[in-house]
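The chain below stands alone and is given in C-alpha cells; this is the form predicted alone.
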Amino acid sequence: MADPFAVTNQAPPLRGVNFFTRDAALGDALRPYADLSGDLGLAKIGELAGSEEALAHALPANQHPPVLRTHDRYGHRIDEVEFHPSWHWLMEQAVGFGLQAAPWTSDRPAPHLTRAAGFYVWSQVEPGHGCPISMTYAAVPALRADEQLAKEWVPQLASTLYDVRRLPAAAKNGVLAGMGMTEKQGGSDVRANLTTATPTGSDGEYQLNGHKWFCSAPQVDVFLVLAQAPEGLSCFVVPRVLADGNRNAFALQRLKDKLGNRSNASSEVEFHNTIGYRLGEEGAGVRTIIDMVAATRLDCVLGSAALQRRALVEAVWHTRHRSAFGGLLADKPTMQNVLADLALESEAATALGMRLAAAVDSAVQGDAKAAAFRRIALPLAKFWVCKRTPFMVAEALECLGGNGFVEESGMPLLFRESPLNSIWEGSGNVNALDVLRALRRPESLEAWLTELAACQGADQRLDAAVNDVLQALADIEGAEAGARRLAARMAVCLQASLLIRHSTPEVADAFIASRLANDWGGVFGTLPRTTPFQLILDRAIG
C-alpha cells in the first residue's frame, strides 16, 4: 500500500544549471557581434547564477527588505539604510563581475555587449540589486560632460571592489552611483521640478534645496540630480560624503513600500543647502542626463529579458518533472503550445536586448549609424519588451499551478518585479511618444529601415508588416493617439528580423506566424498546431 504521506510528483529544486552555457538563444543573440561562447567570465557568472549558493540569497534579500536609520542612538542624523547580508553578497558578486561601470574603462573587445550578457544572466538570480548596478553603469556617459568630474569619479565607479564604507570617494576602493530626478508634482515631467540650485561662488559648486519623490538606491556614494539653477533645469553631481570627510546634507525621509523590487531601497529625500557640482551647462540638465537615461533604459530591456528567461526556465523545469492526467505536463499538447510560445517571447526579447548592447559598443566608437539605430530602437524595445514581461511571467507562473503562487517557488518574486521596468525610466506612454520624437529625425527611421532591409524578402508576412508601419507613418503629426500600436508593431518587426537572421527557421517562422498575423490577440499558447513545439523547447532549455 502506498504511503499517503510520501512526497511524490514534485519537481526537484532547479540547481546546478549554468545559466550562460545552457542558454542557446543567448549564444545566438551574441554571435553576430562577438564570439563570446568561450568567455570564461560569462561562464563563471552563469555557473554561480545557477548554484545553490546564489539561489539561497535571492529570497532572503527580498524577505528582509532594507531598513531606514535616520538617527543614531545619540540623536545625530545619519540617514543610513541597513541591508540584509544576502543583499551585500549579491552586490559584491555583481560588482566583482564588472557589471557596473567597468565596460567604460575596459580595453577588451565588445565590452558593453559582454557586460549586457553578464547583466542578463546575473539578473536572473535576484533583480532588485540590479538597480544600483545599472545606475552606476549609466552614470559614466553623463559624467563625461565634464572632464574634471569624470576624472574624479569614473575610475572609482569602474572599480570591481564593493566598498560600503561611508568615506570620501578618494578614500574608497570603489563607489556606486544613483540618481534623483523626479519630484512629487512632476514625475516624468522633470521640467516641472522645483528643487533649486544656488551658486556658492566657488567654481561649479551649488547649494541644493528641495526634495526628490523617488531617489533610487540612497545608500550609494554619489547621485546625479536635476535642479533649477538661475539659467534653468541643470544637472548636478551630489556626493554623500564631501572631500573633507563631512557628510553632505542628504535627509532620507522614508523608504518606499513597493509592490516589488523589495530588496532594493527607493526613497524620498530632502536637500537642505546640500552641496552639488554642476555637470554640463546651466539650463542643459535634460540634455546632460539623457545619456544616463539611455543606459538605464537599456538595462530595463535586459532586466525584463532576464525575468522572462528565468520564468521560462522555471515553467519548463516544473512541467518536465510534474505529472498529471496520465503523463508529464510538458508532454501535453496544450502545455507544449504555451511553453513554446513563452520560449519565443523570451528569445525575441533576448535578441533585441543584445542587438541594442552591440549598438552601444559601435556608437561609443563613433559609429553615427549605430547611434541613430540606438536612438529609435531603445524606446521601441523599452516599450515592448518591458510591457510584455508581466503577461509572460504571469503565464509562466500559471504553468506551476498553485505551487507557482507560493513564495518559496520564487515565482511571486518574479511576478512582483515584472511591471517595474515598464515604469522605471519612463512609462509605456513616455516611451511610445519618444518613438514619435525619434521618427521626426530622418536618420532614425532610416536606421530602422536599414535594419529591416537586411532580411527584406525573406518572409512576406514581415514585409507586409513593415509596409503597414510605413503607411501609419504617413501621418506622423497626427500619430499620437496610435503611438502605442505603432511602437509595438515596429518593435515586433525588429524582433522578427533578428530571429530570421540569427535564430533557427522554426523559431523565426513560429514567431512571425503568431506575432504578425492579423488574428493574434496576445494570448500565450495560441501557436498554430503545426508548430514544432518540442524542437523550440529543446532549443530553449536543452
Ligand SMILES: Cc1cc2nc3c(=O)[nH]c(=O)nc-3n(C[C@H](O)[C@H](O)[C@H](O)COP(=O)(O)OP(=O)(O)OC[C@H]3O[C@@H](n4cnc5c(N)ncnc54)[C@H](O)[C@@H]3O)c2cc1C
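Quantities reported herein were computed from a predicted structural model and do not represent experimental measurements. Quick note: we count residues from 1 along the sequence shown, nothing fancier.
FYI, the form predicted together with the ligand isn't displayed, but the following is about it.
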Answer yes if any heavy atom of T105 is within 4.5 Å of a heavy atom of the ligand in the predicted bound form; otherwise answer no.
no
Is there a non-hydrogen atom of L420 within 4.5 angstroms of a non-hydrogen atom of the ligand in the predicted bound form?
yes
Is L452 one of the residues lying within 4.5 Å of the ligand in the predicted bound form, judged by heavy atom distances?
no
Touches the ligand in the predicted bound form: W317 (any heavy atom, 4.5 Å):
no
Since the chain is shown here on its own, which stretch among 342-350, 180-188, 141-149, 319-327 would lie within 4.5 Å of the ligand in the predicted bound form, judged by heavy atoms?
180-188
Taking 4.5 Å between heavy atoms as the contact cutoff, choose which of K332, R287, K258, R77 touches the ligand in the predicted bound form.
K258
Only one of V81, V154, A251, V430 has a non-hydrogen atom within 4.5 angstroms of the ligand in the predicted bound form; which is it?
V430
In sequence order, the residues of 115-144 that place a heavy atom within 4.5 Å of the ligand in the predicted bound form are M135
